[in-house]
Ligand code: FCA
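Let's start with one chain on its own, the form predicted alone, as structure tokens.
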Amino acid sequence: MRFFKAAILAGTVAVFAATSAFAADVKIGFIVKQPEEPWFQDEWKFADVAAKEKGFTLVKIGAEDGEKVQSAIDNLGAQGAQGFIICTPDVKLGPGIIAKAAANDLKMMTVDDRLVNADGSPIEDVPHMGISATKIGEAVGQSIVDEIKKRGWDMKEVGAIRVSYDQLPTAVDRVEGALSVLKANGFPEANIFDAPQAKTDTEAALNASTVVLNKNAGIKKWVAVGLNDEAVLGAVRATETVGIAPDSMIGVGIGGADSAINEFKKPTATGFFGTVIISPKRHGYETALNMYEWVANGKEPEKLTLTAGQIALRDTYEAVRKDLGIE
């Protein structure tokens, strides 16, 4: 009997040891297009949590253009990785990314931005975790409409800055979702002004928004929508530069990044009124976990997973973050 017990114990230990050794051999890449942005830093942070839990190696790579993406995938192949998650700098690189992944025998899934074919249609064969961009945009628009009404503004006297990055479908969906709600509530289309940004950061948004404000100096009340918090913060900074008071600006961002939270923490309220917080926890932790399960256990992720967000204001952001599992 003792012999059998010892054999069973030895076998159990061997199984755990083998499982642990296999996990240690799993290597997964996480490629992002703008590694300096807080959103991607948070995704990496939560992906690290998954890596520690499961015992696999996470390789974090920033790839700001197509050439760096190709190099990053080759690099992962050379390191013996089995798969990667990617937010590409250009969704039109999709077919090339898929071919490069196949050449390196790497499983892949996308996060945030979905790859498209040459005709602009989504590549549905690659598992993707993204954001319901239109619905989130509509939440932004509704928040702005509610605040316009609360302040008693006449919509005919209000200008809207559309901070745009139209080469990214997600950006178009978010912005148009917000503007559709504004227009449905009587906001004049003639009062919506496009501010195309060269990059998806605050400085580019500030430059683009300043041009709009200078061209329409007669308008004294403004709202702003954009792809992310940085876009809207750029518009807010632009209004400050041209002398528009904070209470004459309603900017609602998307993301709930540190830049937005820091704005809420300022002792005096600014024109950055709110943000739709989308949790980077799921996008970092869950994608990394899904890729591990695919590599280790052959469990392929769902082809499409869409996450939602929640409006947070200066006096509610702490409760919202806690509710979304960020705090």
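As the structure is a prediction and not an experimental result, all values here were calculated from the model. One-based numbering along the sequence shown.
This next part talks about the form predicted together with alpha-D-fucopyranose (FCA), which is not shown.
Of the candidate stretches 144-152, 203-211, 74-82, 223-231, only 223-231 has residues with heavy atoms within 4.5 Å of alpha-D-fucopyranose (FCA) in the predicted bound form. For the options 46, 273, 292, 39, the one in contact with alpha-D-fucopyranose (FCA) in the predicted bound form, meaning a heavy atom within 4.5 Å, is 39. Residue 87 is the only one of 158, 87, 182, 257 with a heavy atom lying within 4.5 Å of alpha-D-fucopyranose (FCA) in the predicted bound form. Looking at alpha-D-fucopyranose (FCA) in the predicted bound form, residues 33, 174 and 278 each place a heavy atom within 4.5 Å of it.
Contact annotation for residue 138: none of its heavy atoms lies within 4.5 Å of alpha-D-fucopyranose (FCA) in the predicted bound form. Shown here without alpha-D-fucopyranose (FCA), the chain has 87, 112, 113 in 76-113 lying with a heavy atom within 4.5 Å of that partner in the predicted bound form.
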